[in-house]
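Take a look at the structure tokens below, where one protein chain is shown in two forms, each on its own, as structure 1 and structure 2.
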Structure 1
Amino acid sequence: MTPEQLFTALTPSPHDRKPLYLQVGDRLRDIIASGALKRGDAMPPERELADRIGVSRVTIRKAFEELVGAGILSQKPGAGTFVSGQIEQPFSILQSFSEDMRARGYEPGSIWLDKHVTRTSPDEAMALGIAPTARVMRLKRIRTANGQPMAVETAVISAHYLDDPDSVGNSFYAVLRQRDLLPVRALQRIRSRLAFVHEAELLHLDTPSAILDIERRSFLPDGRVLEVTFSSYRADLYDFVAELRTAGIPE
């Protein structure tokens, strides 16, 4: 791809109401994903790129920033900006079971085991950061992929946020989205252990079998805990992919 073609392709549209840095960044991401720019290729200097596509250098830097963070570009002071190559998709992205399964090419499903409002347990109160006397809604179901049992999942959410069991259909997250309760980050603790007998039955497993246990706490933008989910996955069918980064500050 010639520099001229790159300038044309990256020039933002005045009709698009998206921020300039997002337009430029998204287009560049697409170009690299398409293979038109390969690993090791040098980007034009920030100043030249800014001039040619009619934005300021600060805007270019902000557009680059996200791609550098994602490992798609790398920058070297005094040298330049270079393409690192396509990135494999599986980020550590917070997604629902349904999204996760669809991304893996399975059709997600659920079998409800329990769905009601009740008194919280001490563990749950601690994890949710609520009073031990508070009430919570507990949602327990078998999660399936292409009809095959994949995990047993128990989600617990403070009744303060959600207190109508009937409002929850197959997608817990859809209800949360409706109510503007969108988690922005989550912590997951991942363990491995042997399956209990009743789990083995629910998941159609022999004994002994290994279980991948995932405990997730998801957080609202202001830092409060929205919900806690305990999931037990069939280890023979599921793996978990995480992306790690080096601690931000050099030295």
Structure 2
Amino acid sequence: MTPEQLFTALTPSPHDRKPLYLQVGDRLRDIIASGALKRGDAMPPERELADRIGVSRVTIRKAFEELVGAGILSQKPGAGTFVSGQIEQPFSILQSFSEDMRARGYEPGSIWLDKHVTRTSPDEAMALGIAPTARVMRLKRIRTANGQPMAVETAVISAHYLDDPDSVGNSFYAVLRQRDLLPVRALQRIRSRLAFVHEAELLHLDTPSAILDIERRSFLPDGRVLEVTFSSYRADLYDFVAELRTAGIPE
């Protein structure tokens, strides 16, 4: 799709009762989420885009402001409006970081901080449902998208399933797949807090900055816990989205 076609797709529908600026914003959000626009890509000037899709400049400005507030766009005085690169992750899909990034048009990467087999900690033993004396493989790394640090991640798996740290490259889940150990479901807990100094340094953040603390336990088909992952995601670049459905007919 050419840039002209890309931005023409923002044209609001006359049959949609939603305000024009929300229609434009929703369409632009979808285009960015699809990977057609990447982090750092510039938006056309407000007047040019308004003329192209047949709306007022005020409509474009309000659409941009909504997405700037959501962290999806950023504005630089005198320079224009740009894609900030915030990534939305739906709660309903269980996939690896690498699979998620590639699906969005980003190149995933890892900067290894540590990987070794050791005795489990009490918290890890409880999360994995294993004995306090059991051994685990602990994998700690910085996860990147197009070279941009996104998260500090520590994955822990019982050495019963995986005991060779050198077997894990960029994708932990690729190694699990080779061993027919892919999880079928996961439980995820998310908290927000301020980044510790060492996390801010690893993620290239100013201090103070907010991060999302995520603990995820993944389960095999028979109900056993396969692995637990503790992650600290950049809150300015990552956004988790939940779709909610009613249990029945609302009253």
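Quantities reported herein were computed from a predicted structural model and do not represent experimental measurements. Only the largest set of C-alpha atoms that superpose within 1.5 Å between the two forms is called the rigid core. Residue indices: 1-based, along structure 1.
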Fill in the blank from the handout: The chain seen in the form predicted alone is the one numbered 2
Problem - Threshold 2 Å Cα movement between the two structures for residue 193, core superposed - result: no
Exercise for the section: Please say whether, between the two structures, the C-alpha of residue 126 moves by 2 Å or more once the core is aligned. Expected result: no
Handout entry: Rigid-core frame, C-alpha of residue 72, shift of 2 angstroms or more between the two structures
Key = yes
Handout entry: Distance the CA of residue 12 travels between the two structures [rigid core superposed, Å]
Key = 37.2
